[in-house]
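Okay, here we've got a single chain as structure tokens, the form predicted on its own, with questions on binding and movement later.
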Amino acid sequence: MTKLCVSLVEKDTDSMLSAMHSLPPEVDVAEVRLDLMESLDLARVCSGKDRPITVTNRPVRQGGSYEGPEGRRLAVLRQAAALGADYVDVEVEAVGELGELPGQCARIVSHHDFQGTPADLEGILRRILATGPDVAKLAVTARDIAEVPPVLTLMERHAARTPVIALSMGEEGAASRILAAKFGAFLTYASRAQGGEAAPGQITYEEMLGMYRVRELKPGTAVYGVVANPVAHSMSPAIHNAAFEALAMDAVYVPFKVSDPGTFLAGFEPHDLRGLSVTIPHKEAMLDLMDEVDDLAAGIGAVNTVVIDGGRRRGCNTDVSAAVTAIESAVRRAGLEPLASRTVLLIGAGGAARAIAYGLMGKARRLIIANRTVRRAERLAAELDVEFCGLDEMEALSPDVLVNATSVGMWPRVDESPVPAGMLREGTAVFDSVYNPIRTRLLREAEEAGAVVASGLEWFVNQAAAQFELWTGRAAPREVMEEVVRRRLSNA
């Protein structure tokens, strides 16, 4: 089983031991970064350990902080071995000078590249293996996510024969840390807390153990993920991994920071990639990469869901039905059925508005698209043969249903609303596509005016549940998914 190692970056002995002892038993190894410590009692660190430790004294040339004499640096590693360290991490060019270690201490022989991913990964690993390491480690930097699959392939190729750690650093390389167990890594690294990373792209141990369930991943684990740029704050990994766990499925959902969807797909499809959520800015570009596209996604010109089965890619769009379901729920609760006899004012003309407009087309008696840039509203309205207006003209309207499809009111600009409070009235239905915060200023003011409201949370959960069902053929655990989003938003 792949071990989970937490890198500790504390500055003194007491803090180092306290941090180590605070880790749960599921963390197999603690990495003690001596080069980051300002004061050190190595004997106390080694005698006070509560689990196996790997001692690292990384020089500046390999991305660490040690700037002193090389002989002194290596002497400290030998001393750590003598004092009971379980592993020492030594760079491949220094392993000869380090020599044999006392006791039962194992050598992790490593090479780090903070500039990029070299073309000759195999050659570098073979050079490490030629030194006779107990564990071979290769850490490179992914400047693009397309550089990650060769690292996974390298690890998979060698891990069955010798203990290997191969990973891609940086945000683009996060998938390699999560998927390490699937590809047979000896261990994978995590940070103790956000902001305490010892290397770029480390994920907290709580997320590695909880959200990603790295201790449960196996060679046959199915891989799903979100394709976005940026991707760091996506809530999709939390909601989908919770759904997989609730149904005891052998699957994991990973954040993919992607610049080129084509090269990403080509690289990851051979590694059990089964499905994707697609968001900004790739919904349109993904369309041309599909083998087949459902009619709705083709009509909108945007794919938010990819199903990969039997080597074929199918593009779908769950945004539309999810939004319309949330709106129709509010309409029903407001006693405004049928929607076919109602006037809907849709604010926005971007991607979200386009999806919602397509879903409402033909359902509402009258659909009006309002936007700050009137020309954009006019273009979308002309495409759908509906009405349009500028934001300054909205107050003259009396819609039965009001839909915000803009980002106005989203965190952190929570004091903003796209709608003048005077427009809101009793008996109407108001839907806000924003889900962070769940209760936006627009929804608060609408409720105060007596309107029935629906939040973007309903839309988000609806579209995620529909994605899950397309991928797995199983009913999505909606209550679990909604609870995850509510909990994370309340803790944000």
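These figures come from a predicted structure and were not determined experimentally. The first residue of the sequence shown is number 1, and the count goes up from there.
Another form exists, predicted in complex with a small molecule; not displayed. Remarks below refer to it.
In summary, the region of this chain contacting the small molecule in the predicted complex, judged by heavy atoms within 4.5 Å and restricted to 154-162, 405-413, 100-108, 235-243, corresponds to 405-413. Each of 349, 353 and 434 comes within 4.5 Å of the small molecule in the predicted complex, counting any heavy atom. Put simply, residue 391 is close to the small molecule in the predicted complex: some heavy atom of it is within 4.5 Å. The small molecule in the predicted complex comes within 4.5 Å of no heavy atom belonging to residue 64. Contact annotation: residue 277 falls outside 4.5 Å of the small molecule in the predicted complex, judged by heavy atom distances. By the criterion of a heavy atom within 4.5 Å, residue 371 is counted among the residues contacting the small molecule in the predicted complex. Residue 376 is the only one of 213, 363, 376, 314 with a heavy atom lying within 4.5 Å of the small molecule in the predicted complex.
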